[in-house]
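Okay, so here's just one chain, in structure tokens, the form predicted on its own.
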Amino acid sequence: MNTKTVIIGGGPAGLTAAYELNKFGKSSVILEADQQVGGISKTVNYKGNRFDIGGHRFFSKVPYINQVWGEILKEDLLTCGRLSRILYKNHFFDYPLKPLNALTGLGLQEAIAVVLSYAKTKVWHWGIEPDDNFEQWMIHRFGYKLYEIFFKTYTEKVWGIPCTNISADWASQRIKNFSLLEAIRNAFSNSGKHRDGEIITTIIDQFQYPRLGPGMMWEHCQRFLEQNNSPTLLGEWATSIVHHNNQVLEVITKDKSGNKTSFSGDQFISSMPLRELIMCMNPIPPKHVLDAARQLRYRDYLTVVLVIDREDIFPDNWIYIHTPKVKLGRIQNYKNWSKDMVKNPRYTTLGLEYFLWEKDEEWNWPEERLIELGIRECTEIGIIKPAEVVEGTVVRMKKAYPVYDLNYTENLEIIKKYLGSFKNLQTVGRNGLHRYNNQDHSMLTGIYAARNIMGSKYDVWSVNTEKDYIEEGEVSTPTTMERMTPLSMAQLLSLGECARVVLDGL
């Protein structure tokens, strides 16, 4: 099959790239290995109950991303209030920090210890040790005591490695300018902004959400593209990326029956995991590139979904479980995202999130045993009673999170240099860039890739690198009558200032 652009992956990045190309009158074909679009942003339907693979807030600082969400979802895009708390030592702590709530939960003695620990860090240790890893980065900004209470246990649950083995990039990307002083300042001002006026996404109190979950967005997008000569082919695994003279010639896929199909084109966009992409290159890359790819790691994830015979359980959208005595990391309350996510209004559905390696024993446990684990741990922390559970199911997601270990930057640079030699191949999305991108970040990489095909020169790798994302990421709406040309930083900033912000979302 021959087409102008071949896109590997039907998640937010790949589908948005196709959607953006369509605005220029360009067709594409999307190859998706799963039987459903959306990637980690898909919505699973279990007997009429819908649930996310994790929660997906629709919030973005980029007006054009908000515009695309609105174009596709229209009236199905809801506005939701955010409530998320931390469960620690059988007490719920508001997040972001509220001084009276924190004081009550920690107790006066421990609260004083937190403040003194922070003061000690700022006075005696700030600037002495570099921010070489996650632990050092957090201690410098929150003090050791608060880090130990609220960050260490949960982070090590998520990543399965010590915080000292996690790159500081993880903290700087996800938390950015947030600190203990910033938390206290916002607790009293309720501004939700940093001192320079920047919105802190960590503490937004409102976001948008599709009525039937994030998968609704990508299913709508898939149907729209299908009607405009850009089909998504499901169940097509990319097994070989054939190239010659720094040009990709074709992608060979295999379906579940073992049948192979060749897709040739002029341009190629990939959101498949970088490690897999490198291993699929034909001819194979140089040894040092293969070695770098093999060292990239991914954290896997599964959700135990429980249908509970209780109308209301807790008011939060989600709860972080910092209690070290359970493996459970986070609980999603899908009903509090959208009431239409739950089939029976008398019931509540909870998503119990476990972060694992595929090699872990629990990953291969039968569904019944995982459901039993979820019920036992939810009971242990006082969320439910076993008799209230009506039924349950399990969903596994491999390679959900690219791991930011201490060596990932070096390995990534080797891969970037190799891929940069190709004239018609771009990588996008969370796994395509090995970056823990949010949904809007992934969409923006797809938009950049599509516009590069039309003649622009965006740096796809720059998305979600602090100021590049906050300031330069604001892009204008294209028209089919114009051919996008490279924009200077000044032009980008001007467009961003003139763009009308619709509603915030993530």
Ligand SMILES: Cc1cc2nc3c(=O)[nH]c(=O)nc-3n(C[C@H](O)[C@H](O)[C@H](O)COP(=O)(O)OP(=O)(O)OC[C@H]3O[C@@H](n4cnc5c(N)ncnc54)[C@H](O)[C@@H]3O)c2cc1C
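One rule holds for the numbers: they count along the sequence shown, beginning at 1. Keep in mind it's a predicted model, so treat the numbers as computed, not measured.
The following text describes the form predicted together with this ligand, which does not appear among the structures shown.
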{"query": "Distance check, Ser28 to this ligand in the predicted complex, heavy atom within 4.5 Å", "finding": "no"}
{"query": "In the predicted complex, Arg141 touching this ligand (heavy atom, 4.5 Å)", "finding": "no"}
{"query": "Contact test in the predicted complex: Gly70 vs this ligand, heavy atoms, 4.5 Å", "finding": "no"}
{"query": "Contact of Val463 with this ligand in the predicted complex (heavy atom, 4.5 Å)", "finding": "no"}
{"query": "Joint contact, Phe51, Glu219 and Gly392 to this ligand in the predicted complex, by non-hydrogen atom at 4.5 Å", "finding": "no"}
{"query": "Contacting member of Gly265, Gly105, Gly351, Pro273, with respect to this ligand in the predicted complex [4.5 Å, heavy atom]", "finding": "Pro273"}
{"query": "Proximity to this ligand in the predicted complex (heavy atom, within 4.5 Å), stretch among 81-89, 231-239, 381-389, 342-350", "finding": "231-239"}
{"query": "Partner contacts in the predicted complex for 377-405 (non-hydrogen atom within 4.5 angstroms of this ligand)", "finding": "Ala400, Tyr401"}
